[in-house]
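A lone chain, given as structure tokens: the form predicted alone.
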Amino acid sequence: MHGEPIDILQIEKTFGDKSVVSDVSLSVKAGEFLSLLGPSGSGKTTLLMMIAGFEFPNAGQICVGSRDITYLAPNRRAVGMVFQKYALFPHMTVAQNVAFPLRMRSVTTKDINRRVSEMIDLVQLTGFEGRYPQQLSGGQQQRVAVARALIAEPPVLLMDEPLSALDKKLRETMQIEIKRIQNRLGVTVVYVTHDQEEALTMSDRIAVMSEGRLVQVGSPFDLYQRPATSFVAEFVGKMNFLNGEYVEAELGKCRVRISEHATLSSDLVADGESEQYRLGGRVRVAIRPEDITITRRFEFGHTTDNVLRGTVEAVIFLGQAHIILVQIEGQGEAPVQVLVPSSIGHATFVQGETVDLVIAPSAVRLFPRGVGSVQ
């Protein structure tokens, strides 16, 4: 089984007078695992359904390999599909469900039996061939759905939020299983999810969608470390946001006043260059929780760059880490989250304690305020 590339060119889709996918162009490499990530209503499932053939675009083109499949019927696309609710036949056994696509193609019984055995082994369900779907757990049903989608050896596998009904532990296990199967077979996968941790775990690249448009496409690392907009920064991973006032740019760094006594310098400026910021202009400052160092109150003097003073509101134990919530002086909004590994033993901070938060300029991202925030 070999994956084929997918080329999506200027796809448009409207329902009535509502545009749900607008001017989307995207290339997926052969054998790549690409996730379409976005909130509800962002257009990701509609885009997937157009690749599958269950919806047709109003404009644009979709190609798999060298074939234009834009208006082909679903069964003529050589594309496998795994749905959110699995869609297994309740009156068929595991083996019969997996074999179904081949029986529709008049494949010989000998070849069907061989392929069913191979696929059931691949998804680690050997011994379950005679069971019915209602006798399986959610994760086992999911494996059957994957085996059935792959048995006809499609070059492309489409998956529409297939793990959303599973509990957290099983979902994490299945993420690794699906990625393992995809790596072994080399099939091209387009995977729809609204779960950013799932997208980060499984994907070679992630395409972030918002209001029917592509916002950013890149590797999980790129999206996490270099979000192009504040929407991506807020949607991919945990992020603290502070409001500030642009002060100046000097020696390649931008400075933003957070409060009367606190200024942050940044050498990470997204959404373009520093020229877009004007003296006194409003700026949105973004900082990852793990990029903050929390210390007991130092006496730095009246004003110190890249040190925020605050008061501990709560300490939350997560197992491998603590989240410390700190209310920053001069910021009357949500408290800043600081992530501290449990092994460091920072659970000694207590509610009401005054602290300093030290933030390196390399961890401070700037965005224009009021643009691209999550609704």
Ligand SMILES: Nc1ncnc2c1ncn2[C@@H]1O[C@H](COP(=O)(O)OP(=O)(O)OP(=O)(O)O)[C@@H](O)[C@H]1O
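Position 1 is the first residue in the sequence shown; the rest follow in order. Heads up, when I say rigid core I mean the largest set of C-alphas that superpose within 1.5 Å between the two forms. All values reported here derive from a predicted model rather than from experimental measurement.
Keep in mind the form predicted together with the ligand is missing from the figure; the text below concerns it.
Exactly one listed residue, out of Glu198, Glu161, Glu234, Glu245, brings a non-hydrogen atom to within 4.5 Å of the ligand in the model of the complex: Glu161. Here is the short version: of Thr70, Thr46, Gln337, Asn306, the single residue with a heavy atom within 4.5 Å of the ligand in the model of the complex is Thr46. Contact with the ligand in the model of the complex holds for none of Phe89, Gln96 and Leu157, as no heavy atom of theirs lies within 4.5 Å. Here the chain stands alone, but in the model of the complex its contact with the ligand, taken as any heavy atom within 4.5 Å, falls in 38-46 among 38-46, 321-329, 56-64, 23-31. Although the partner is absent here, Gln135 lies well away from the ligand in the model of the complex, with no heavy atom inside 4.5 Å.
The shortest heavy atom separation between Arg284 and the ligand in the model of the complex exceeds 4.5 Å. Contact between His194 and the ligand in the model of the complex is found at the 4.5 Å heavy atom cutoff. Contact check for Gln84: a heavy atom falls within 4.5 Å of the ligand in the model of the complex.
Superposed on the core, the two forms barely differ at Lys238: its CA moves less than 2 Å between the shown form and the other one. Gln84 shows a C-alpha shift of 2 Å or greater between the shown form and the other one [criterion: core-superposed Cα displacement of 2 Å].
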